[in-house]
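Next comes just one chain, in structure tokens: the form predicted alone.
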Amino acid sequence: MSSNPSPHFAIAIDGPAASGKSTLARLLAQRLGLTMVNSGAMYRAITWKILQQNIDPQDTAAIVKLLDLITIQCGSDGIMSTITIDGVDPGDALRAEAINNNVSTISAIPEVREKLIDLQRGYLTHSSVVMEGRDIGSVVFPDTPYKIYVDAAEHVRAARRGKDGEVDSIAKRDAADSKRTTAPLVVAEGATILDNSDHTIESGVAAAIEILRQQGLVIPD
């Protein structure tokens, strides 16, 4: 069964932490007039709520129970995706060190992924999207023909994380994302790899546009 029953389409942007996929996805969405969906923010919001409730990130049973008690609302401000939990937008709290340290653990829980994947697919009910994450092309929208895997050298990604004030280990994060049992980070079938190590923001967007054209997306000059 297709994961895209609507007339809208998804552009899947996957890749490891600090590869530049969020910036690329946002600028592509602006260029194409689509909604940009940051799936990572959704997992961070769940992690934020779990820590707010003083639940141990290793306590899967308590986390699954919490999922049935909270209200998650996903939407858009017309350009970017939005998320609230029980009516609260976590805002800048999503970038806190405690979130960085625990989001991979929370993201590996199958029930968490199942709930958020349903919400992610729901965006296509309303509009076409550029969605970035770690399993967008492999799990969320495996049928989309528009898939880019954004990568960059580890030292480049570590420098970007440090510049943003985030000090979690890139190697540790990569291992957690790639080795988890549920929806590990992989290069999705049909995806084109974009090495973003040496690109400027502008040249990276241009390269992505060319990839999408090669994949069959009609993009006006």
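Numbers follow the displayed sequence, beginning with 1. The structure displayed is predicted, hence computed values, not measured ones.
There is another form of the same protein, the form predicted together with 2'-deoxycytidine-5'-monophosphate (DC); it is not shown, and what comes next is about it.
- Of the heavy atoms in R113, some are within 4.5 Å of 2'-deoxycytidine-5'-monophosphate (DC) in the predicted complex.
- In the predicted complex, 2'-deoxycytidine-5'-monophosphate (DC) sits within 4.5 Å of a heavy atom belonging to R95.
- Residue contact with 2'-deoxycytidine-5'-monophosphate (DC) in the predicted complex: S104 places a heavy atom within 4.5 Å of it.
- Not displayed here, 2'-deoxycytidine-5'-monophosphate (DC) is kept clear of W48 by more than 4.5 Å at the level of heavy atoms in the predicted complex.
- You can rule out all but one of 145 to 153, 69 to 77, 84 to 92, 129 to 137: in the predicted complex, only 129 to 137 has residues with a heavy atom within 4.5 Å of 2'-deoxycytidine-5'-monophosphate (DC).
- Counting a residue when any of its non-hydrogen atoms is within 4.5 Å of 2'-deoxycytidine-5'-monophosphate (DC) in the predicted complex, the hits in 23 to 57 run S39, G40, Y43, R44.
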